[in-house]
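Take a look at this single chain in structure tokens; it is the form predicted alone.
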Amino acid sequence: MSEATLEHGAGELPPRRNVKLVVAYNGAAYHGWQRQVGGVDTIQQRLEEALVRVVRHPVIVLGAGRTDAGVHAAGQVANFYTTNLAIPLAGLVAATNSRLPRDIVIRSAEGVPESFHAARSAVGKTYRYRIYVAPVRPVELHRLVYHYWRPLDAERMSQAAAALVGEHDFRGFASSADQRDNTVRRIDTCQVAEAGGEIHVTIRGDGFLYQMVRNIVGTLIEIGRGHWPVERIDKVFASGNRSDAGPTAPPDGLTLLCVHYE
């Protein structure tokens, strides 16, 4: 007799399905992804509250990553288990979206194997940071981009970004609040591109430390404005000292583009 059967007496656990969600949101009004105590508004909390009203039982939504307060997502991935097998997934998406605020939307839902876990099954993530370079701030893009009023040399930033690619110890680019012992991560691509009046930093890796992307962007900005040489990245790697890297860029310009799976 299985442990599940023993726990529930002679009965069996009800059948359930594992549902994978792709979620987009504007994070400006929220205190990040993760549900918090004290009624603080978060993306996870809003999703769980909406899904409960649709599937009619308690729900825990497991996210692929804990985006910080003010950070956006175009392709956050989450999963949850439900014993409601009657509702079609297309109907679940429509019904849940109608109960979500306008700055959060479920883009798709699909059934996945029982073992799928949005965070543990992920093999990488791609982030994009948008820097709006102009003397006057773009009010129509308020909290969607980081407004930087000084000129930036995108070519110098691109040269510096190339040094980030590969497997390195990113301790110097992590927040001091990140207490993880293993700070080695692999960056597959780090590209800097001009797009109209913006500079985009797009970075894909197997994992990221707390505020790592924003600290990388802050360092690239210091290089782009000519304050530091292109080789500054190597100095941060060599020292592992957070004070050798640039300031933490604001959350406004950061978007989780997608989460990668095998």
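Worth saying up front: this structure is predicted, and the values here are computed from it rather than measured. Just count from 1 along the sequence shown to find any residue number.
The form predicted together with another copy of the chain exists for this protein as well; it is not shown, and the discussion that follows is about that form.
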Does at least one non-hydrogen atom of N84 fall within 4.5 angstroms of another copy of the chain in the predicted bound form?
no
Answer for T42 alone: is it within 4.5 Å of another copy of the chain in the predicted bound form, judged on heavy atom distances?
no
Do P151 and another copy of the chain share at least one heavy atom pair within 4.5 Å in the predicted bound form?
no
Within a 4.5 Å heavy atom cut-off, is P101 in contact with another copy of the chain in the predicted bound form?
yes
To test your reading of this chain, name the stretch in 76-84, 158-166, 173-181, 142-150 whose heavy atoms come within 4.5 Å of another copy of the chain in the predicted bound form.
142-150
Residues in 182-208 with any heavy atom within 4.5 Å of another copy of the chain in the predicted bound form
none
